[in-house]
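For reference, the chain that follows is the form predicted alone, supplied as structure tokens.
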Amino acid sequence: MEKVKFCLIGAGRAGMVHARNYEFEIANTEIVAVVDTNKKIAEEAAKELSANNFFIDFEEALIGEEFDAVCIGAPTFVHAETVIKAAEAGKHIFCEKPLSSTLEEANQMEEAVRRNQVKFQIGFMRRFDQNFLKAKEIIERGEIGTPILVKSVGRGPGLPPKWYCDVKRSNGLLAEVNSHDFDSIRWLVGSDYEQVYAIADNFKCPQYREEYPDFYDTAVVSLRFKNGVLGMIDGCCPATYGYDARMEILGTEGMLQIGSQQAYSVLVWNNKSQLIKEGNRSWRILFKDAYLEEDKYFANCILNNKEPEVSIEDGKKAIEIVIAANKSIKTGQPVKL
């Protein structure tokens, strides 16, 4: 195989980020088919990506086009069905986070991937970001001593689609926005979760209180890891002001910070004594290079017959802690894992 042929499933914002990388930025990949339940969106995406065909159903794509792998950017509640169908058809799978809605689904997905011996990578792009990779190196070299406390901020600017408001269906903010925080903290401190305590509320979306009484737009999560490290996640969506992804790691001999509210290095101080910076407006801009690197990595895993290191197991671990945190929110009690 000289070039990996992809079928894009879900031509929304995240799906198109990956699809444009595979079609325009990576030499040994191409998009040959697009699937989206909205026919107009599928057709427009296929035209932009110069794909051979577009479909409104994945099973139609399996019959109507030849491809090697799928890139899944569809909503979380269809991930399990789509991953299992792709695996059974022998297609390699890149799947955006969160992995699934339930652990039962995650286990079924994992079994299908292993049984059919296809490559699988979960979309945790922070693991490919140069700043997070540098932080990982610094921690492993012992430059801040032993990590003891990690704080992560994950806030999105605008409210996601309405299906996300049903926490029973989507697992809410902590899954759709803060999956990245849960995964990157676990990766950086090198330990699984032991206990979680979370509190949350709906401060900004009163229109959803009656229809979705469990919906929350703001959450604080306290964590303990099996190696003793303490952690905290602060999540909000819609944060309104912009996209905000930052982390601080305190060690026994120092500390490090990843990320900033400031998008660029330019700072303006004018004659009105105003200090002006430009903030981050989108995850697509802040992590642009990281998305490209993770897409390159997955393609190379297929071409070189290597197992992706960012695996379905990492997706399962993130879902497990999200479900435990939501249980804590509901019961008002810490939850052991």
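One rule holds for the numbers: they count along the sequence shown, beginning at 1. As the structure is a prediction and not an experimental result, all values here were calculated from the model.
The same protein also has a form predicted together with a small molecule, omitted here; what follows describes it.
When contacts are judged by a 4.5 Å heavy atom cut-off, residue 91 does not count as touching the small molecule in the predicted bound form. In the predicted bound form, the small molecule sits within 4.5 Å of a heavy atom of residue 9. For the chain shown alone, residue 283 is a contact residue for the small molecule in the predicted bound form, at least one non-hydrogen atom being within 4.5 angstroms. Among residues of the shown chain, residue 125 is one whose heavy atoms approach the small molecule to within 4.5 Å in the predicted bound form. With the partner left out here, the small molecule still marks one of 62 to 70, 37 to 45, 273 to 281, 306 to 314 in the predicted bound form; by a 4.5 Å heavy atom cut-off that stretch is 37 to 45. Relative to the small molecule in the predicted bound form, residues 154, 204 and 242 are all farther than 4.5 Å at every heavy atom. This chain is drawn without the small molecule; in the predicted bound form, the residue among 190, 145, 158, 161 with a heavy atom within 4.5 Å of it is 161. A single residue from the set 238, 259, 75, 251 has any heavy atom within 4.5 angstroms of the small molecule in the predicted bound form; that residue is 75.
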